[in-house]
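What follows is one chain in structure tokens, specifically the form predicted alone.
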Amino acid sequence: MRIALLGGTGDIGAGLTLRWGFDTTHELLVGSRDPEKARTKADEYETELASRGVETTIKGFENSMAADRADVVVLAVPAYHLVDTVESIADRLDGDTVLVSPAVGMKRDESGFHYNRPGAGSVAALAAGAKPATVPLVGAFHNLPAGGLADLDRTFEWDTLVFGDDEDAKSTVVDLAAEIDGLRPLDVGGLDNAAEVESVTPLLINVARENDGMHDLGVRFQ
């Protein structure tokens, strides 16, 4: 499968690229608004994986070019860039492309981090409103610590909560998540449940900030 990670030069994009590169044989495309930055980062990811005995080719493209070539497009961009990013690639998507949103809207004050719920109801709902109607949207990978993902020396047992209204698309993302060693995908229903999932992320950040030894905190339901 060909996976494009738009915003793949950022923290969560790096973590997912490295983990899929390490644990799977999927073809990985790093997207960015700056194609040179995408190519540079793709080379860095290849070098990191090669140092661990994994020989793979990761390519870098401008976001729309990466999306055009992909079966699954992960929107690894900040929430405030999400709609612009979806609109910029809309003409490169079709009904066979699965769009994945891990974005969370947050704000910070002296008390810590807080979920910044948009008027649409969730960040995923913003993406749903910007995408072509025929393209399925799935939410996943929201509550994962990017630093822990990118650290290939680290083992973990984390859950990722997956939601979406298209069952086939959701199944595709569940399978992709399960291929990352130590990551367990859990289906939490449809798009209407997005806000509950997204709001867990600032909670985890606050727990990690306030308690020693909990840097890069993930979550496991049991």
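Keep in mind the model is a prediction, meaning the values are calculated, not measured. Residue indices: 1-based, along the sequence shown.
The protein also exists as the form predicted together with another copy of the chain; that form is not presented, and the subsequent description refers to it.
- Listed residues Asp187, Glu179, Asp34, Glu27 were compared with another copy of the chain in the predicted complex; Asp187 is the one with a heavy atom within 4.5 Å.
- In summary, the region of this chain contacting another copy of the chain in the predicted complex, judged by heavy atoms within 4.5 Å and restricted to 113 to 121, 96 to 104, 128 to 136, 71 to 79, corresponds to 113 to 121.
- Proximity of Ala38 to another copy of the chain in the predicted complex: non-hydrogen atoms within 4.5 Å are absent; the residue sits far from the partner.
- For the chain shown alone, Ala14 is not a contact residue for another copy of the chain in the predicted complex, no non-hydrogen atom being within 4.5 angstroms.
- The closest heavy atom approach of Val219 to another copy of the chain in the predicted complex falls within 4.5 Å.
- In the predicted complex, another copy of the chain lies farther than 4.5 Å from every heavy atom of Glu44.
- Taken together, the three residues Glu48, Phe141 and Leu149 lack any non-hydrogen atom within 4.5 angstroms of another copy of the chain in the predicted complex.
- Heavy atoms closer than or equal to 4.5 Å to another copy of the chain in the predicted complex belong, across 190 to 222, to the residues Asp192, Asn193, Glu196, Val197, Ser199, Val200, Pro202, Leu203, Leu204, Asn206, Val207, Glu210, Asn211, Met214, Asp216, Leu217, Gly218, Val219, Arg220, Phe221, Gln222, ordered by sequence position.
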